[in-house]
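Next up: a single chain in structure tokens, the form predicted alone.
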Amino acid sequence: MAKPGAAPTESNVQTACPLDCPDACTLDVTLRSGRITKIDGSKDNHITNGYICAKVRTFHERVYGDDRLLYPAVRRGAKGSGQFTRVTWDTALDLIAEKMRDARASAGAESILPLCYGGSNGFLTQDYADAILFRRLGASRLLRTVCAAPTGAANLGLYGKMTSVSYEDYPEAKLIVIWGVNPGVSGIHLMPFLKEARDRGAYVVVLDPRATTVARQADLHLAVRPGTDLPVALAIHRYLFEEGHADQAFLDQHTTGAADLRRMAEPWTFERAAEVSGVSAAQLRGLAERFAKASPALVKCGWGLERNRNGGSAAAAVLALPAVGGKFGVRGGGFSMSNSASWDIDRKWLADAEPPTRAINMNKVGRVLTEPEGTPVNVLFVYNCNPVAILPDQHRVIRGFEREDLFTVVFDQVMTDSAMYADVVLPATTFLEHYDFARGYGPITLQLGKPVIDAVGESRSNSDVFLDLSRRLELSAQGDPEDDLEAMLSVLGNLPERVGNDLRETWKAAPPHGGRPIQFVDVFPKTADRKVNLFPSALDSQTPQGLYGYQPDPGTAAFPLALISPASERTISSTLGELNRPEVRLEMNPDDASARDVEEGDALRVWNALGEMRIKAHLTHLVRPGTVSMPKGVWRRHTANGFTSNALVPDTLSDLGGGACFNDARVQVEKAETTK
């Protein structure tokens, strides 16, 4: 604190961003008298290269914003009213510990459910101190499947999560297929490498229902119907197999299951795939021909294509293309997806194994809370997550949170939609106020994030709070860290020696293979036989129609429009949803609007059998006919009736991994008389 009359002091501190984005930027944070005044990108990281996204550039608005939780509080009004009374940390934690003890004694520890998702968290804020508490307690286990579960299952089944092509090698490719991802708003540091690739002559193809910024800059945009990526990928496979473009030598030496994949692709002619997907057979053939001929050819598989009933099989079919087409073994060739497993870190710092307690799929939380089978959930501990805003079947989720007999704790940085329903709210630190590890899953980077300011208000880190609760519940053991700093040192001490030493000395670890591995030269599948399994039996047995089996569109005459919720430039999932933003509107193709007598700015009723949403219209040719779109991660305050697109999303599960089917929402739209 500066003395009265003293000139304010200014300093710069470097840290790393752990938020749910592939890039894991290195940040330069400017402080003035201990308060953040500017957040920028560091030139010390050649990927960040001095610039960052607008989301993180303005993150200090969250740190010091009106919605920031500054102290523990207990509910004093009706659930959902947002009325709380300030209490001390001891009072809040004693109450939580008491409720957990009572729940364990009366209904068993499985009546306690931790509800979280770790996308924006590193090794300290997810699956360390929290795992110590909930594993030793014997609580129900949560299957964190709201995102990346189908794609993760496909990647693991085919390649064992082999390290993929990093950003730096995109300019080496002659053909780049960007499938179901929009790096213009998520993973923006890929964009300069894409531009360099195009400047060097690469042909860029984008498959997305929307004409995103990347799609508008591409040489070819295929606006596929949501949920139809699988037939498109299989049609390309059919072409490769049937017209002599499959690399048989590679398939014989490095793969298993090629014959089964070929069998599943055989029915999918370009004409049939075109009819299902809504893109022309000529465009599909053109893409297949280019892919067959190009080298290096690179397929960037995103996460947007997984958000439907066919999501896992679609991801598997897309990831299999470089193997069938023989695109590995050269720089810039192969596939690019998640590089989170590149460091081979096995979390040795966590000694406790998961107990054999029941597992609850987080996409079914609304149903579990309102229609329990077996032991009901009586204590809900929400952290690293805003379930009221992000989970499917929003009406059911809210009804569950409204239960008076459900004791709910929300541990978060701001007053979220979920925190409004809490019995106890606990203030959490942001990544700028605690230690954590930021691991890139686009670029192969690993950095230690350091606190740049003191904790705001009475906020505390995840490590501190969960370790404190473990002590109150008499679950602590010798060797447990005492606090956030000891937890950080414990992780450092359990990392591979070279990695740990790098982080101690420079806060950044040198990546394996210089961060630019060539697939099937420097890295190979992490499967048991080091081969690509193009038809894993474990995945085939999981899927309702068998692996690569297409499940038809769920639309009906009553509800013909596909409602999608892609990532936006405003939020990271729902994080930062509390900040001011332009009015959220439903994007609608003018043809669909004209058929419903809808004009720009009209108030709309968007509905299906699950509920309805009230929102205004924005007419644009950037979204394909038959599809309507609104941003992912919006809060209840952003619509006229307090329900978002997730109120119209079924809690059905994807074919692999038990993932969410956000893009399987099918709705009808009409002009509303009012917006109330």
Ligand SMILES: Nc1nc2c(c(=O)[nH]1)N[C@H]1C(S)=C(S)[C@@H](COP(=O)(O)OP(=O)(O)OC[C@H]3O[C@@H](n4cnc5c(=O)[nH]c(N)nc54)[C@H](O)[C@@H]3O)O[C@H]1N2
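Note that residue numbering follows the sequence shown and begins at 1. Treat the numbers as computed from the prediction; the structure is a model and nothing was measured.
Only in words, not in the display: the form predicted in complex with the ligand, which the text now covers.
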Answer key, the ligand contact in the predicted complex at 4.5 Å (heavy atoms) among V146, L175, L190, I398: the residue is V146
Interface check vs the ligand in the predicted complex: of T370, S120, T269, S490, the one with a heavy atom inside 4.5 Å is S120
Does H237 make contact with the ligand in the predicted complex, using a 4.5 Å heavy atom cut-off?
no
How about V185: is it within 4.5 Å of the ligand in the predicted complex, going by heavy atoms?
yes
Tell me, yes or no, whether R210 is in contact with the ligand in the predicted complex, where a contact means a heavy atom of each within 4.5 Å.
yes
is_contact(P22, the ligand) in the predicted complex, heavy atom dist at most 4.5 Å:
yes
In the predicted complex, do V29, S166 and W343 all put a heavy atom within 4.5 Å of the ligand?
no
Of the candidate stretches 305-313, 583-591, 77-85, 467-475, the one with residues having heavy atoms within 4.5 Å of the ligand in the predicted complex is 305-313
Can you tell me which residues in 482-497 come within 4.5 angstroms of the ligand in the predicted complex, by heavy atoms?
none
Versus the form shown, are the CA atoms of G119 and G160 closer or farther apart in the predicted complex, given a shift of 3 angstroms or more?
farther
Relative to what's shown here, the Cα pair L156 and G119 differs by 3 Å or more in the predicted complex. Does it come closer or drift farther?
farther
